[in-house]
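There is one chain below, alone, in structure tokens, taken in the form predicted on its own.
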């Protein structure tokens, strides 16, 4: 049987070891910014689920492990738990033409905006309730020669509505080039979707389109709140 003195000494050693681990410095910097359309300077709308991501590598370590930040649906991002240091930062798998990695010094509160070329711009978007339907009209401006795969109108109770976060949708396959002067129209019939769209409630509606490019994501217009 171990003596009380031996047990106490062992406990002190374990406590001291624990204190050593806890004494590592905490993250002391913040990194934030917005994905902006290089032509219009407007935020590039994203998906909150399966949207664009930012990969970053902190310099000074042999592992060169890639870490990831997610982008919000309004095109902004923020990391309040990052160490002041040198980083290589690259937006990846987005709804814009791929960009080159950037070497960035993060110190204190650091703002880093990304000027990008979205694959598609949704222009003159209008989403309105008309009778028993919600109708969306918009134009499509492609910035690359790739085909547009499909367009969609999505509905959800939350403002982060999009293709992967919707309770009701109306989609049309395009699989070709689009006419920038054509007004595209999508509609959702409310009575036909009464299980998910309750009369008297408010929902968010958003139009989107996706280009046919590797790892591309949807481009969107802003979400619109409508009371049914």
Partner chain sequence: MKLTKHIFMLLVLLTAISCDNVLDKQPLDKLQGENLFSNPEGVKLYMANLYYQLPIEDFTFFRQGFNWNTGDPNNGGFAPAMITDEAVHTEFGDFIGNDDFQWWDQGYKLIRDTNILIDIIPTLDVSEDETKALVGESAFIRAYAYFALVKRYGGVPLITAVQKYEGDVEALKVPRSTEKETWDFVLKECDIAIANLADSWPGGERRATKWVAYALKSRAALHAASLAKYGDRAPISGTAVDQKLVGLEKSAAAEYYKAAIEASEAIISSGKFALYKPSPASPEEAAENYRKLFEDPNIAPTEAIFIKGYARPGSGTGHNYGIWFQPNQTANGWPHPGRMNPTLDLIDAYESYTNPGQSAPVTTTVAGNDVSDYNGFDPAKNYKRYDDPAGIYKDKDARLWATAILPGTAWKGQKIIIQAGFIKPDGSAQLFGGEPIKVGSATIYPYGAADRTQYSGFDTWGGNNTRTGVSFKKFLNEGVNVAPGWNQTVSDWADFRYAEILLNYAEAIVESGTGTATKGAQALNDIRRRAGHTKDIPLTIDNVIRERRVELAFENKRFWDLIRRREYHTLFNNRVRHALVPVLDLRVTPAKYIFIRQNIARLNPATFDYKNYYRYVPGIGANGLVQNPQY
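Numbering follows the first chain given and starts at 1. In this text the structure is predicted, and so the values were computed from the model without any measurement.
Same protein, other form: the form predicted together with its partner chain, not shown, and the subject of what follows.
Note on the partner interface in the predicted complex: the residue among 175, 195, 199, 40 having a heavy atom within 4.5 angstroms of its partner chain is 195. Using a 4.5 angstroms limit between non-hydrogen atoms, residue 164 touches its partner chain in the predicted complex. Interface residue remark: residue 185 is not counted as part of the site for its partner chain in the predicted complex, having no heavy atom within 4.5 Å. At a distance threshold of 4.5 angstroms between non-hydrogen atoms, residue 93 is in contact with its partner chain in the predicted complex. Though the partner is left out of this view, residue 214 does reach within 4.5 Å of its partner chain in the predicted complex, counting heavy atoms only.
Stretch-level contact analysis of 199-207, 25-33, 177-185, 164-172 against its partner chain in the predicted complex, using heavy atoms and a 4.5 Å limit, identifies 164-172. Contacts between stretch 45-74 and its partner chain, counted in the predicted complex as any heavy atom lying within 4.5 Å, involve 50, 66, listed in sequence order.
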